[in-house]
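Encoded as structure tokens, the following chain is the form predicted alone, with no partner shown.
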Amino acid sequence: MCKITMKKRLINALLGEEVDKMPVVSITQTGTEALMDICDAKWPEAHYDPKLMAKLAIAAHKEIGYEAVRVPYCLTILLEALGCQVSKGHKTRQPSITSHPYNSREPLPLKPISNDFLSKGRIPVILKTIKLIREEIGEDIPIIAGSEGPVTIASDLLEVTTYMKWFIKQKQAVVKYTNYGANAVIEYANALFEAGADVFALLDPVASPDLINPRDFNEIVLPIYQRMSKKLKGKVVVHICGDITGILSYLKETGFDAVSIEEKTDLEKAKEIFESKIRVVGNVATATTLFNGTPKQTYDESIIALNKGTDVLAPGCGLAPLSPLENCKAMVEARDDYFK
């Protein structure tokens, strides 16, 4: 096969089409302290300044060799725009939610998503950042933009323990709040595509079987994901943390292009269940390998993922800010050696 661009390689991989070699990217966050020091774009400022955010994102492509540029670095953008208060964090700590505006024993009326929603909070920062990145990197390198998913949004608007209780006592309210989150994601994601993003990463850690019974996932979350997939105007990768083996058969039916998995989910098993209907992204361990391991361990784990048939080689979750660059680079080295 003749040489193709990084963007074409990633899109082909997500479509299950022919590639010259598997892409190596990060679907999840890429900001590390080492990259911040190299490009002089540090947290928390890089969460709020489009130029700094773009510099740090591009650094992961230039310094590590990841074949995509990924923004932003947290799961608070939509939640802030929907009324949550956010702590800015610091150089090695991401922003976090500090308030839950709808937390109550009984469901509260949801404020309608306003016509000027895309001007709320840091949404304009992300949209401007994507445009700056495209101007800098050109058209041949893909941009991945991510956000918190509808389950995670609903759980943080309420507070996660309240949300979990409602799966037993207030299922209609769970559907209502989760659909509300989905509507916000759809509007935001399509704005990201319009700004220049090529792939949308839907990060929904609270949808994990660790928190939600697979039966409830099938009955409540899956139909919402299916509605979203019909309305999102680009390629979508969904990421759910933990061992998601119990919901793989449901994720197969979402209509999304790919599922990003952690090392807790066996990649071969996922491939077997998906039957080429949806692609697999992953799954080099972030905490035990990329953060705490060695380049050799990262290299070996990357080769294992490639042998098991990953469609896109990627960290299993977001990079820990103190992850050594040598470990991250070992992923690219392993992929390159694998396809010599």
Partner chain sequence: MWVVEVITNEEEILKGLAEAVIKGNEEKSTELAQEALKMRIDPYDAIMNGCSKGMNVVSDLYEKKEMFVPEILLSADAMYAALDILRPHLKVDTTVKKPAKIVIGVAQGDIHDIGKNLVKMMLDVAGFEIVDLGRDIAPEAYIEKANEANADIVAISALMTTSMMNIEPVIKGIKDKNLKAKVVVGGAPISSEFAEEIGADGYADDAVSAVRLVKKLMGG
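Predicted, not measured: the structure shown is a model, and the values here were computed from it. Positions refer to the first chain, counted from 1.
What comes next is about the form predicted in complex with the partner chain, which is not displayed.
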Non-hydrogen atom contact residue 169 with the partner chain in the model of the complex at 4.5 angstroms: yes
4.5 angstroms heavy atom contact with the partner chain in the model of the complex for residue 291: yes
Touches the partner chain in the model of the complex: residue 92 (any heavy atom, 4.5 Å): yes
Exercise: residue 325 in contact with the partner chain in the model of the complex, heavy atom 4.5 Å: no
Every residue of 56, 132 and 233 near the partner chain in the model of the complex, heavy atom within 4.5 Å: no
Candidate stretches 184-192, 250-258, 207-215, 124-132, one within 4.5 Å of the partner chain in the model of the complex by heavy atom: 207-215
The unique member of 160, 113, 222, 108 whose heavy atoms fall within 4.5 Å of the partner chain in the model of the complex: 160
Listed residue (304, 38, 287, 273) with a non-hydrogen atom within 4.5 angstroms of the partner chain in the model of the complex: 287
Partner contacts in the model of the complex for 244-271 (non-hydrogen atom within 4.5 angstroms of the partner chain): 264
